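Below you will find one chain, with nothing else, as structure tokens; this is the form predicted alone, and questions on how it binds or moves follow later.
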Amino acid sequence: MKTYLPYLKDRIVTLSLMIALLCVVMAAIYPDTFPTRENFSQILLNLSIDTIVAVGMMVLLIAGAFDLSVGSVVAFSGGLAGHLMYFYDVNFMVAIGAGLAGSLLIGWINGYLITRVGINPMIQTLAMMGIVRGFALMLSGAGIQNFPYEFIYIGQSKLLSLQAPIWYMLAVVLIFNYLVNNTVFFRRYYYIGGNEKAATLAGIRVERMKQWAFVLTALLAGIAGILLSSRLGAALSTSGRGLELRVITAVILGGASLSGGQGRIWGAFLGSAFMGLVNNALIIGRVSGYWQEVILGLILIAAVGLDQWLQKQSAVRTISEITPKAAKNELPV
């Protein structure tokens, strides 16, 4: 088993293999419905919103934190923009700006209360999830439609036969993959997640950096909410419900650890892609929606269990490598 441990730790490799295996199995079982251009286009469209949010969640988990309010922020940003356009005839650009500004404010409040006041991240973001969902319900009610053409065009236009949210998703993934790998600002999150005290001693302003991570995550959730409302042509208070569970599952599958300091942006993309394929497979297989929730929860438990097991194996391996060297130094020949 030790021989395969390095490959299991590289989630990019394991996820790629799991995605390829799932595609082969589904193509063999459903040759007429699964391996079609329309189906893959629909899978990409469905996972585009989750992936944009997952990129922000990956940065946050690298820093050693997480945000449970992202699904509510998705509903809130689209609801606020839709409310302003429908009831007050506000220009669509101003409405989008208001939706994103509201998302930024939610992220700033989360970050401030967690890093400056010291509230536990799970409690704070869980409470914020309920508060923001309530605002989304007040703004959208049973749903708002009849948006301006310019707003709908953002999410329903096509390029090379692929709908716009897919291209926005790819742009977000590529941009953040570059930023996380090549900029000092984002590389600091690995130090913070790896050892927060050491990062503080090294001069990194940990509290401010983590607050920015919450703001960034909320902003990406706000962008996803605007895109979702534009694509659907409607603002719904139920948008993004359960999204936080799907996104955290995808990010942990993609290599992030609940203890922080690990993960790559491509892992967030592949984790979302795997979750999208599983969801597509369940739909094609006509599995009940109730069972889909059960399976999603089981995948999250399996992903967290694998993360914990790999960490223990890594610790055991490190100790086994260090102990003989230490013994040799203590007992010189």
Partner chain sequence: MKKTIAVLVSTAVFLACEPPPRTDLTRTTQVKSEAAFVTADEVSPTEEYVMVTTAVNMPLYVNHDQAAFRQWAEKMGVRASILGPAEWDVPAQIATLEQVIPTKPAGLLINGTDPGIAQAVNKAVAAGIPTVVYDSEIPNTRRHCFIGSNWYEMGRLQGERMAQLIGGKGKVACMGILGMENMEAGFRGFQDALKKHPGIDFIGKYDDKANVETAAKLAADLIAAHPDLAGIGGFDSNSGPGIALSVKESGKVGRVKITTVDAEPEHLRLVKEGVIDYLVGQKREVFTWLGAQLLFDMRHKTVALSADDARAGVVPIPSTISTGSIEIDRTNVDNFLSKTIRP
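If you're wondering where the values come from, they're calculated on a predicted model, not measured in any experiment. Positions refer to the first chain, counted from 1.
Not pictured, yet referred to below: the form predicted together with the partner chain.
Interface residue remark: Y153 is counted as part of the site for the partner chain in the predicted bound form, having a heavy atom within 4.5 Å. Mapping the unseen interface onto this chain, K158 counts among the residues with a heavy atom inside 4.5 Å of the partner chain in the predicted bound form. Mapping the unseen interface onto this chain, L232 counts among the residues with a heavy atom inside 4.5 Å of the partner chain in the predicted bound form.
Taking the partner from elsewhere, N146 is found to have a heavy atom lying within 4.5 Å of the partner chain in the predicted bound form.
The contact residue chosen from I109, L137, L84, I204 relative to the partner chain in the predicted bound form is L137, the criterion being a non-hydrogen atom within 4.5 angstroms. Of the residues given (S239, Q262, T249, T125), S239 alone sits with a heavy atom within 4.5 Å of the partner chain in the predicted bound form. The chain is drawn here without the partner chain; in the predicted bound form, the stretch among 138 to 146, 116 to 124, 178 to 186, 219 to 227 whose residues come within 4.5 Å of it by any heavy atom is 138 to 146. Contacts between stretch 281 to 295 and the partner chain, counted in the predicted bound form as any heavy atom lying within 4.5 Å, involve I283, I284, R286, V287, S288, G289, Y290, Q292, E293, listed in sequence order.
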